[in-house]
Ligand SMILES: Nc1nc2c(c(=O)[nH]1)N[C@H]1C(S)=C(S)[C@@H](COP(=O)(O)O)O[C@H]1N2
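Only one chain is included here, represented as structure tokens and corresponding to the form predicted on its own.
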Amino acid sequence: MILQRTRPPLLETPMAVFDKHLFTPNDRFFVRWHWADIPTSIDVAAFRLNIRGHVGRSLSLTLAELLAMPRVEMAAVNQCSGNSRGLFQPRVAGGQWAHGAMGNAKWVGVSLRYLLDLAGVRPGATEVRFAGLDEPLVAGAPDFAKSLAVDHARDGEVMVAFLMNGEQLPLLNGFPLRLIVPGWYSTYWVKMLSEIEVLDKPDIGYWMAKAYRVPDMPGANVAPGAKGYRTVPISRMTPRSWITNIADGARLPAQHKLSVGGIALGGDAGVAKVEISGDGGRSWTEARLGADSGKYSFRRFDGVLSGFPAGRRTLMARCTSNAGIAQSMTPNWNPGGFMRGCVEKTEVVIG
């Protein structure tokens, strides 16, 4: 793993891992916490998931009760809002991630809708707020909590997971419970989930009203130094793709044909196609797509490019989602370093 920070822990997945595994191994899955006071052990017998607020009855559920409930399963990519922030120009503050602040897993748990129905959401509910066991080190700092609109929370896809790739959640990835919000950035995927609160008014807490907000512009894009624009909470992921079988800066032997492969993400809509280019985007060849594990999962792509005389070449991959949205050729910019989604360049030297 690539160590970005120790307190709180930020660990990045090397790109080579994504070339070997469509589903990211648990011990190679990126880690991102907001506060450094994280439990290093959990008393599973004493642990409770509390559901309260604007509900018919409050619940305090044990892990044993949750494990006995009907289960749902989904493959979904968990991607940090600031994935690839280290590539923003001009540079912005925050963790200087390359492309490895993400991972793909098969999640198993209980549907959030099922849990909310057990508690009985009362008329007038507007949002559902989630919090975990991590705590700030500084007195008075806001507990990390995120909210979803009540209809989103009850859409049948959002889940409370306890298994990750067939095993219990690792401690650093949220044991014993983690919220899974398919197609949305990982700021909503609350780890060590312990509190679910149904609200009858908008959440005006720091982590919704101030943090993780992006310009209300196409691609969350503004000019550096711009001011006075409207912002909204970050939400849905955008299509992305990465070449994984060839490292940026690689020196390759002269060859007539070059195999290019990698992974693509359709954001919240699945991958429709991936095109590859060996000449910096002047021409494109459609790649072959691998197995479809669901619209929120990574999808493998592979293709062959021809005609590679000696010299420098720029390789690219471009994903188009099932919603018809294609990656932009131009990088976006915003002061948070969020939502990078442009076509990425892999520079190589042939011969």
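Start at 1 with the first residue shown and count on from there. Values in this document were obtained by computation on a predicted structure and should not be read as measured data.
What follows is about the form predicted together with the ligand, which we do not show.
For the options 114, 162, 144, 242, the one in contact with the ligand in the predicted complex, meaning a heavy atom within 4.5 Å, is 144. Residue 186 is the only one of 186, 104, 238, 84 with a heavy atom lying within 4.5 Å of the ligand in the predicted complex.
Only one of 288-296, 56-64, 317-325, 24-32 lies within 4.5 Å of the ligand in the predicted complex by heavy atoms, and it is 24-32. At a distance of at most 4.5 angstroms from the ligand in the predicted complex, all three residues 80, 132 and 190 contribute at least one non-hydrogen atom. The shortest heavy atom separation between residue 173 and the ligand in the predicted complex is within 4.5 Å. A residue is said to contact a partner when one of its heavy atoms sits within 4.5 Å of a partner heavy atom; residue 212 meets this definition for the ligand in the predicted complex.
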